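A single chain comes next, written as structure tokens; it is the form predicted alone.
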């Protein structure tokens, strides 16, 4: 198959970008992410990871694929399987027919990942674009080059158990529209993301959620070890798991820059620069947390909480201006 592998910052946006481009609708990864309105923040204390609350910086798995395809008017076909053998047979049929297939998998069972990068995360996306003998040709956007994986490993990764179990999920692009109305869909996508970040009803979502986490840091009850575990978990979720919170802000800034070019709009270029600065502030916060946790004396949680509030207010200011712009041009 004549397929061009491309590396990406995030697996889901990278995979859907590659699938659409191969189908004849060239779309960058940032444009896929932005049109899906996928940027978010959520602090969910009732969902635990290794005993710590879930902190998310984008909307849930599959949201990017569904969101961008709905926005563009693209038909995408999802299939899950209760029987692993049937799932393998359907994948082989699609590949032998020359079709490009997206899969949801577990990172833990993919042997081409370095051992230190393998963990039980069941929402990793990749593309299968061929098969030779028992080995599948894989385009994994995390890697610089395409890879191969034996069928037994891929099947295990497709049917891993646990949270976000993929259940053999495979997806294909059925068809794409003839034309795209960028003037309409870009403001609509930005308006929806503004609503997620500024208008969520729950105090743990969006900008409210960032402020909520700031209060949690300031008022955290626990000994020095527990404080370091909690703060270290925040940094791990922000900068080490997947693309990371700051990383998603940088992707969205790239989306705004590309949107500015498509619409010939200087305001969006300015917002792109400011969103990049927001990502830089998140990175500075993570560095401050790490430096505090390495200190032998007491952690200054109040200063860290205030630093996170700075992140919240800088980001809120960008979203408020984007909201006004989207409402104006969307009329």
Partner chain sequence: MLRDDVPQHKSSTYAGHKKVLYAKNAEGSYETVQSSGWDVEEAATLDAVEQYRLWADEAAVAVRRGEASPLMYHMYACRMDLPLLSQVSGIWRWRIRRHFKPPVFAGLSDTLLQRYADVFNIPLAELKKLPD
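Numbering follows the first chain given and starts at 1. These numbers come from a predicted model, not from an experiment.
Unshown form predicted together with its partner chain; subsequent notes refer to it.
Using a 4.5 Å cut-off to its partner chain in the predicted bound form, not one of 211, 218 and 328 places a heavy atom inside that distance.
When you look in the predicted bound form, the only residue of 129, 81, 250, 171 with a non-hydrogen atom within 4.5 Å of its partner chain is 250. Only one of 228, 99, 167, 192 comes within 4.5 Å of its partner chain in the predicted bound form through a heavy atom, and that residue is 228.
Only one of 177 to 185, 198 to 206, 110 to 118, 132 to 140 places residue heavy atoms within 4.5 angstroms of its partner chain in the predicted bound form, namely 110 to 118. The closest heavy atom approach of residue 73 to its partner chain in the predicted bound form falls outside 4.5 Å.
Using a 4.5 angstroms limit between non-hydrogen atoms, residue 286 touches its partner chain in the predicted bound form. Within this chain, residue 294 lines the site of its partner chain in the predicted bound form, having a heavy atom no more than 4.5 Å away. Although the partner is absent here, residue 161 sits close enough that one of its heavy atoms falls within 4.5 Å of its partner chain in the predicted bound form. Along 254 to 274, these residues reach a heavy atom to within 4.5 Å of its partner chain in the predicted bound form: 254, 257, 269, 272, 273.
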